[in-house]
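This document opens with one chain alone, in structure tokens, the form predicted alone.
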Amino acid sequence: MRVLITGVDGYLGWPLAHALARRGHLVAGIDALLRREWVAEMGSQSATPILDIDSRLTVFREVHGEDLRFVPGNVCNYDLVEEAIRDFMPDCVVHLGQMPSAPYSMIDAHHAVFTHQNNIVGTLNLLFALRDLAPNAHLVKLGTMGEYGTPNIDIPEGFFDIEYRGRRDRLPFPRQPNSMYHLTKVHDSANIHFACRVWGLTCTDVMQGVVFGTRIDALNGDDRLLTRFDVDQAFGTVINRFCAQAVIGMALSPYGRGHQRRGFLSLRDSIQCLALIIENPPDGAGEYRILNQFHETFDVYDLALVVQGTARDMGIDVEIKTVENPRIEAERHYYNPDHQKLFDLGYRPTRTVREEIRETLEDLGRFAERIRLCRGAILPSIRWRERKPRPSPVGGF
């Protein structure tokens, strides 16, 4: 299968390219390399040392015996997207090339507008290019469980049956996003649904939970193949931040009361799920499939306890100290989303959360000095309600 990955230089894109190559697929990628610059804007860096893109491509060829066909540039450039689709003619496009941070999108008006333009325009460009050049290709779009918010009822996988005033219909489940970033994902979902209904495209919208961890098996323990691992307040996911804090002796910092509940899965499982989705596309043209992608749900404070306990077993003592919540969100709520469809495709969780956290702590221990350099970027300073002018975002319009 010919698979084009947008955002191929990212936390998910880079290991996914390796995993697909190992499974015999031909891989191409697009990336503007902005994630590296956004993290630097936050005063941080990847905790794991990662190669520059030219060195990455050289190592990819060495490991897999073939090139990763790389297109440098931004999917907001329609001509670039059109040329990439025409030249590669993919069977599947995996769209990971977006700004993925809720806090970054909430810094100020400039960052919010940039997030909307970057994310929504990029997706629209892909939809139009696929319609005109590769209408039979399968689009796999990375969404987020954050689109749903935290409603006080169970969350289905995308659609639900409703009866109102004596009539029935099957409709998209209501979205209640909690940041400007999550709003862009909701707009993407509406645009993709439109493209399937009106143009007959075939798409899978992946509502992914919070991903954590350092490695997948396809990277073979080779440090040259390491994916990035962010620890700052904007781009570091919660377990990854806790693990980074633990290895440098910094107190773990749940926000508010810490009882926000979310769905989580390891990096290994995220890549496993994406590979299954790619290799098992929807049955027919015009199908809009939504999958909720996570392994288990956890209370954030409970996860801090797991990280603390695992670290203690490794001889690392670390405190837990909650901090004022910079976000506007429910800190204790009902949360029960469905997630059966990926299991039906063959998804099998690889490890327990504790096992994955232990490996993450072991890996990060080797890079503690790099994390110490980022210490000032870990605790939250971006607040949902405060006006705090910042420089224009990197890659801004």
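Note that residue numbering begins at 1 and tracks the sequence as displayed. The structure presented is a predicted model; accordingly, all values stated were derived computationally and were not measured.
Another form, the form predicted together with a small molecule, is not on view; read the next lines as being about it.
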property	result
In the predicted bound form, Gly97 touching the small molecule (heavy atom, 4.5 Å)	yes
Leu26, heavy atom within 4.5 angstroms of the small molecule in the predicted bound form	no
Contact label in the predicted bound form: Lys185 to the small molecule, heavy atom within 4.5 Å	yes
Contact label in the predicted bound form: Ile316 to the small molecule, heavy atom within 4.5 Å	no
Listed residue that, although the small molecule is not shown, lies within 4.5 Å of it in the predicted bound form (heavy atoms), from Gly258, Gly158, Gly143, Pro90	Gly143
Residue among Asn178, Thr322, Asn191, Thr237 with a heavy atom within 4.5 Å of the small molecule in the predicted bound form	Thr237
Segment assignment from 61-69, 30-38, 333-341, 351-359: heavy atom within 4.5 Å of the small molecule in the predicted bound form	30-38
